Structures are given as structure tokens and as C-alpha cells.
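A single chain, nothing else alongside it, follows as C-alpha cells in the form predicted on its own.
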Amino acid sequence: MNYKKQKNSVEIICIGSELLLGNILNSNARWIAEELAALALPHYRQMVLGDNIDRLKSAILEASERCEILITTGGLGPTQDDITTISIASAFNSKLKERKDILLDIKNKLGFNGNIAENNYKQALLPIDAEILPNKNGTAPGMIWSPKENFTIITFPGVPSELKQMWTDSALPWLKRNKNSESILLSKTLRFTGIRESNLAEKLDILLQSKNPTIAPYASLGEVKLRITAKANSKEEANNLISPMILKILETTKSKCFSVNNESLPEVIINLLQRRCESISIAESCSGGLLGSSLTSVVGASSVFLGGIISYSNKLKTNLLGVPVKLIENNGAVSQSVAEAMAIGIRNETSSDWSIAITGIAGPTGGSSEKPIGLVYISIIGPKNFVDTKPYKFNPRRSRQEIQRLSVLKALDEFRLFLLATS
């Protein structure tokens, strides 16, 4: 099949049988794709290949007819299944030459004054006219090589930290110098909760038809993202295209949008509390520590998050949070009154400004007709006698982990809305 090459077009080949077997998540392809998008480089194809020279050679030759730049990851190590460099050289009938500077670098990194393992010598072999892509963090260098007109191969090791450093230090400057266009792509991500992707798309139907900037929705559990991307000749010009679009979206969606800077909901909560100089504590039952974990994942959380208690058993609810035994006996651990007592208990214990408590039935067992799987009570207690405790019913067909995550997401979003309303 004959292909007409598009200027600056890029393809990615990720190499390694471990990727095909699912032993390792292929995060490199996603990261590179995002970098290419930021450079406004057209990228239409990705491949994953096992450690097989013939298949890799064939894929490289096919790519050389379709694209101007081929990026490979993986297969640059010292073992027998690291066949990327030899496959590339063989595809274009090129000889490999041992690079003394690479060999010296490998010896220094491995701490050998004399001989190194025979397998390490293969890492110093590159096509004669290839440019070395230095690897500061590992022994496997990459290369930038143009074996034919209008076609360049850039190789990286599969270790993500090594790839990213090599990209930033060497490959990115090369791509900026050699791309035949001054245009850039700039993206901003808005994040929403409390609204389905289909409902959001319906509300924004006309805006989603925009050609520049474009709007792309992405849904995950309990959340929807909108990525707004503009193509322009400068960052300022791109921002001038994106900003009015964001305003139109916010006019339509209002409080459903919790971030216009791709912040997570826990990040938004921590930032709001920091600006208000207020603190929070938490008491959890069915969420099993997930609420506390989400908050403490944010850098700087210690300035506002005082701590929490995972009171999974009724005994701990009573002994640590002061929930009356009779309250649990009369209403059950999953009830509005117990959720409220848990929130009051942890706030009293920590002297925090705010507290959140979660108790519920995450399943897959333990539900009843009166209290089905997916029933969760969330209580938020705050300054000036602020008390809000409500039941929420999540789909019982969801997994235990999904109900837990949705409970935390709902608790944080309700808390966000209260903070905004009282600011």
C-alpha cells in the first residue's frame, strides 16, 4: 500500500514482549503522545511489538514509508531480548560501530575500571552516522538517526524515568529545531462531577462542534473531563482562543465544574481550606481510609488536614468517636444519626474547623431491603453550628471498590459546595 507522508508525521513503536503479555503497563506511549500533541506534531499510529527481529524490521520499514519520524521505546538493554538497535540497523543494511564514549560511560556507571560483562558491549553499538541520545540515569543510550531521506528514528529505553530525562534534555530540542511548522497546540482541562458524560455533552452540544479550539470529553468513575485544545502560532494566541470557550462552558455547567486547571477534587479541597485558614478531620467506616488517603495525597495537606479515624467496628465508633451504644442499637451503624455522631466525635477529638464522616454498605454482602447495598450516609459538620447529613444511594451493581470511591467523591464534592457557599 502506498502512503503519502504528512509533514512532521510521527509514529510510535513500543518494544517488549512484557508489554504484549500485560506484565507492564505501557505508560510511555501515553506520555510521548501528550508531548507530541503539545508540539502540534501529527501522530496517527502506535504499535506494540514483542522481542522479534523480523517483525520489528518489517514494522520499521513500513513506518519509514508512512511517517517522517519514528519513535521507539524499549529493547536497548544488555540482554539477548534487547534487539531494537540491531533490528533498526539490519532494516536499512547498516553496520554497527562501537562508540568508545558510550563504553566509557557504561563502565563509569557500573563502577568497573576494567572489563564489563560481554552483554554490556552491545549497548555501545550504534549505526555509524547516528547521533547519540545520552542517558544520564541509565546505561542504555538512545540515538537519533536518519537512515533515508525524510525519515528519522529516535530510540529510547523503556524505563520511564530515563525516557523522560532523555526526551527533555535532547529529543525535545531536536524536535523543536527540525519540525517544519511554527504552530503549537495548547490544551486546558476542565473537570466535572455530579453530571454524566452524556448529559454534559447534551448541554454543550453546539460548543462541542467547534473546530478550533476543539473540545473532547473523557469519562471516568464519577467524573468527566473536558480537554479544550487550540492550535495557534503562539501560546498567547492559543490562550485567547481557549479562554472564551471556558467562560461559555462555565456559564452552562456552573458548579458542576470543580476545576479549570486539571486539579483533582482533593487538591481543590486542600487549596480552599488553605485560603480560608481552616482545618478538617475525618471519620470513616465503609470507605476504609480512602477519604483520608485522597486528602493526604495532596502536597501541603498537612497544613489543613489534622487526621482521621477508620472506625470500622461499632466498638471503635463508640470508644474512639463517642457514638452512643444506644444510638447504634436503635438506628444501626448505617444511619443518619450515627454518621452525624461520628462527624461530631472526630471534630471534638481534633478541634478541627470542619469534619466529614462516612458510613454505609459497600457490599457485595450486608444489604437488606431497608438498607440496600450502595446506601451511604455522609455527614459534614462545620463552624457556626453547621450540620449537614444526607443519605446517598449508589448503584448496588457496582463493585465494592467503586461504591467506596464514589462515596469519597460525593463527600468531597458536597464539602466543596459548602465551602464555596460560605466563602
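Quick note: we count residues from 1 along the sequence shown, nothing fancier. Quick caveat, the model's predicted, so the values are computed rather than measured. Here the rigid core means the biggest group of C-alpha atoms that line up within 1.5 Å when the two forms are laid on top of each other.
We do not show the form predicted together with a further copy of the same chain, though everything after this point is about it.
Engineer: Just one of 334-342, 235-243, 308-316, 91-99 has heavy atoms within 4.5 Å of a further copy of the same chain in the model of the complex; which?
Structural biologist: Of the options, only 308-316 has residues within 4.5 Å of the partner.
Engineer: Is P217 near a further copy of the same chain? Define near as a heavy atom within 4.5 Å, in the model of the complex.
Structural biologist: The answer is yes: P217 has a heavy atom within 4.5 Å of a further copy of the same chain.
Engineer: Taking a further copy of the same chain as it sits in the model of the complex, is L208 near enough to touch it, meaning that at least one heavy atom pair lies within 4.5 angstroms?
Structural biologist: L208: contacts a further copy of the same chain in the model of the complex.
Engineer: Does R397 make contact with a further copy of the same chain in the model of the complex, using a 4.5 Å heavy atom cut-off?
Structural biologist: Residue-level check for R397: yes, a contact with a further copy of the same chain.
Engineer: Does I71 reach a further copy of the same chain in the model of the complex, with heavy atoms at most 4.5 Å apart?
Structural biologist: Although a further copy of the same chain is absent here, I71 would stay clear of it in the model of the complex, with no heavy atoms inside 4.5 Å.
Engineer: Could you check which residue among G222, G288, P127, P147 gets a heavy atom within 4.5 Å of a further copy of the same chain in the model of the complex?
Structural biologist: Checked against the cut-off, the match is G288.
Engineer: From the list Q274, S198, T168, N261, which entry has a heavy atom within 4.5 Å of a further copy of the same chain in the model of the complex?
Structural biologist: Spelling it out, the residue with a heavy atom inside the cut-off is S198.
Engineer: Any chance L21, A59 and T350 all have a heavy atom within 4.5 Å of a further copy of the same chain in the model of the complex?
Structural biologist: Affirmative, all three are within 4.5 Å.
Engineer: Along 25-60, which positions have a non-hydrogen atom within 4.5 Å of a further copy of the same chain in the model of the complex?
Structural biologist: Heavy-atom contacts within 4.5 Å come from L25, N26, S27, R30, A33, E34, A37, H43, Y44, R45, Q46, M47, V48, L49, G50, D54, R55, S58, A59.
Engineer: Would the C-alpha of F386 be classed as shifted by 2 Å or more between this form and the one not shown after rigid-core alignment?
Structural biologist: No.
Engineer: Does superposing the core leave G367 with a CA shift of 2 Å or more between this form and the one not shown?
Structural biologist: For G367, whose C-alpha is compared between this form and the one not shown after core superposition, the shift is less than 2 Å.
Engineer: Is I358 one of the residues whose Cα moves 2 Å or more between this form and the one not shown, with the core superposed?
Structural biologist: For I358, whose C-alpha is compared between this form and the one not shown after core superposition, the shift is less than 2 Å.
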